[in-house]
Structure formats: structure tokens, C-alpha cells
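Below you'll find only one chain, the form predicted alone, shown as C-alpha cells.
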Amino acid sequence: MTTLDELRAVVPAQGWLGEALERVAADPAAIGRLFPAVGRRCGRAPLPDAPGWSTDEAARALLLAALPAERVAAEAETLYRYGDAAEKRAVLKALPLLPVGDAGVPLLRDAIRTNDPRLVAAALGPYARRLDDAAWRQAVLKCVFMGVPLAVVDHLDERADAELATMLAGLLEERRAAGRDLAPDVLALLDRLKGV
């Protein structure tokens, strides 16, 4: 999992971002104005030194981390609820890096209910360990239905269990009866789960 220090190393707090971080630290309410501007001001390029992160996602995570600890959970929820897809993804990806405890779980549940594969994928990162087993299994099935590669599911092999295997086997049977198959990564997971 990428850490805040790693994000700080690849997205230095200079120029506009440095000023934005100082403003948020001094006036937490400023994040509501600054968070949406990050994509335009910092760019959206992928970060080779922080795989799976883009510049705007990392900058937004740093803005959230600049908030006083007691404000992080509430601000993250507000920014998620009123943000566009890129802002929502950034909040979801930042959750495991922030002092929010279980307060972000409702955001994961919301993201998993969407039809946006990018949000579903972001919701199944490291913070998904906070989902109960039933919700986590349903989220994995949602990935399968949407064609989201299972590689995005954090700790998949450690968490996959006999119940998930049963669910996936049933889905495989339905798909094959319809003359279709599951993606190779799903079939590989089913193979690994045999005998669990």
C-alpha cells in the first residue's frame, strides 16, 4: 500500500499545492473550494513511482491529510458525496491513509452500488478490509459482473473463502449454460479456491 510519505515524495508540496495545503491547515473549510480544483491545477498524469495513483488523486489525498484529525472523516464524506467521479475515487483511495476508523465504510458501500467500474475498483483497495465478509463477497461478485480485473481487490487470496467459491461456481454454471464464460482471472481464482 502506498503511504502518505510516498505520495509526498512524488507530488511535492510546491506552487499551488503547497499553498493549498497551507490554506487547508489554517482553514479546514477551504478544502471545499480547493479539492475540485486539483485536477486543473496539478494535472491528472499517472504516477510511475506510486503505482495505481494519478497526480490529482495523490494531491487530493494530501489535502485530506492536511486537515485536523477530528475533521477528516466528515470532510471526506462531504467531498465524496458532492464530488465528481475523480474526486470520489481520490477519497476512496485516500481512506486507508487517513485517521477515519470505520467512518468511511458507508462510502465504500455507496461506491460498490454504482455502475462505475473505476469507483468499484477504488472501493476494493486496502480500506476494503473494513467491509464485513458478506459485503466484501458481494463487492467481488460486482467486479466479476462488471469485468473489473480481480487484481484490484486488495488481499483477495487471503480473504477469499468457501462461500465466495460457491457463489463464483454458481455464476460460472449460469454463464456456461448461456454459452458464455468468466474472465481468466476469475477462473484462476476458482481453481485456487478448490478444496477451501
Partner chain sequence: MRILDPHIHMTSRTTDDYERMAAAGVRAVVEPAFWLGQPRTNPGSFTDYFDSLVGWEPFRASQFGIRHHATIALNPKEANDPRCREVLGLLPRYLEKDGVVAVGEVGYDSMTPEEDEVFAAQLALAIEHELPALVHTPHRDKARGTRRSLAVVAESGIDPGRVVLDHLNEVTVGLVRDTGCWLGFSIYPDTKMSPPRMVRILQQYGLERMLVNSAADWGRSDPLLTRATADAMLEAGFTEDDVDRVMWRNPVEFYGQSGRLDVSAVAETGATFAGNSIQRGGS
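None of these values were measured; they are calculated from a predicted model. Numbering follows the first chain given and starts at 1.
Below, we refer to the form predicted together with its partner chain, which is not included among the displayed structures.
Only one of the listed residues (G170, G147, P68, P48) places a non-hydrogen atom within 4.5 angstroms of its partner chain in the predicted complex, and that residue is G147. Not displayed here, its partner chain is kept clear of R129 by more than 4.5 Å at the level of heavy atoms in the predicted complex.
Its partner chain is not shown here, and in the predicted complex it never comes within 4.5 Å of any heavy atom of P28.
Contact check for R23: every heavy atom lies farther than 4.5 Å from its partner chain in the predicted complex.
With a 4.5 Å cutoff on heavy atoms, L98 does not count as touching its partner chain in the predicted complex; it lies far away. In the predicted complex, the residues of 114-129 lying within 4.5 Å of its partner chain by at least one heavy atom are, in order, N115, D116, P117, R118, A121.
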